[in-house]
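Read the single chain below, which is given as structure tokens and is the form predicted alone.
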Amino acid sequence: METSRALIARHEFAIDLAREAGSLAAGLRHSLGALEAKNPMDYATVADHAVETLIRQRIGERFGDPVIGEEDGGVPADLVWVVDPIDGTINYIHGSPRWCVSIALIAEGDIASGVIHAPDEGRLFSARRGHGAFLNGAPMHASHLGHGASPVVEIGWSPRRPIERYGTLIRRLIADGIEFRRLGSGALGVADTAAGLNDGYIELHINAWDVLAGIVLVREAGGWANDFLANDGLVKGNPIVVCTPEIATRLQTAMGTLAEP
């Protein structure tokens, strides 16, 4: 069993590592070379691989822990890091500031720590289970609909579920008086929910490295998140619903059975 001190050390290390990884990615932006097309809507760059290599190297040197990464894979363990070296790669390629490095730590079957760094936006999100959530060192909280307006929810998309289902999901949200948007980074969509900048993030299927860091942010900020790790979500991915608690039932109803394979 990992001691609290060991988890604290890893969390503090992850904050520094996210900054280093973000700096590397930012520096590589203008020399990406040929793109690697995973599918017609999903790309990797030399920066994705270089940043993941750096993260793996630093974790190995410091702790010797296993890593699951978007680019180079990995296997589950009682203690394992889950990493997306650049989330929002399409935004990154196109010059948008909306991309980030996401680093999560799983310990004994739950998410113990999460750090998301968006260098171009100057934002660093961090949370450790049971100890609150922070944006650039200041406490952050879910919105609790304190704005008094209609809820705003970001919707992610991937071709792993039929596009027609996303059309149904959007229609259901609109019928329930919920506004929607899509901004191209699942990790930041979840982090923005923790910061109260939107009221939720939903997607019919997403991979673990995109959302695990954000889930602990949301929970520590007083928000609600589905049990993403259920049914082998770490390996196979799952639907994601994170939100301010006041709309959890509404979003789950909107999702219904749309996320089923």
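Owing to the predicted nature of the structure, the values given are computational and were not obtained by experimental measurement. Sequential numbering from 1, following the sequence displayed.
We do not show the form predicted in complex with a small molecule, though everything after this point is about it.
Only one of the listed residues (74, 151, 184, 119) places a non-hydrogen atom within 4.5 angstroms of the small molecule in the model of the complex, and that residue is 184.
For the residues 169, 86, 115, 111, the 4.5 Å heavy atom test against the small molecule in the model of the complex is passed only by 86.
Of the candidate stretches 221-229, 24-32, 203-211, 51-59, only 203-211 has residues with heavy atoms within 4.5 Å of the small molecule in the model of the complex. When the small molecule is considered in the model of the complex, residue 160 lines it closely, a heavy atom lying within 4.5 Å.
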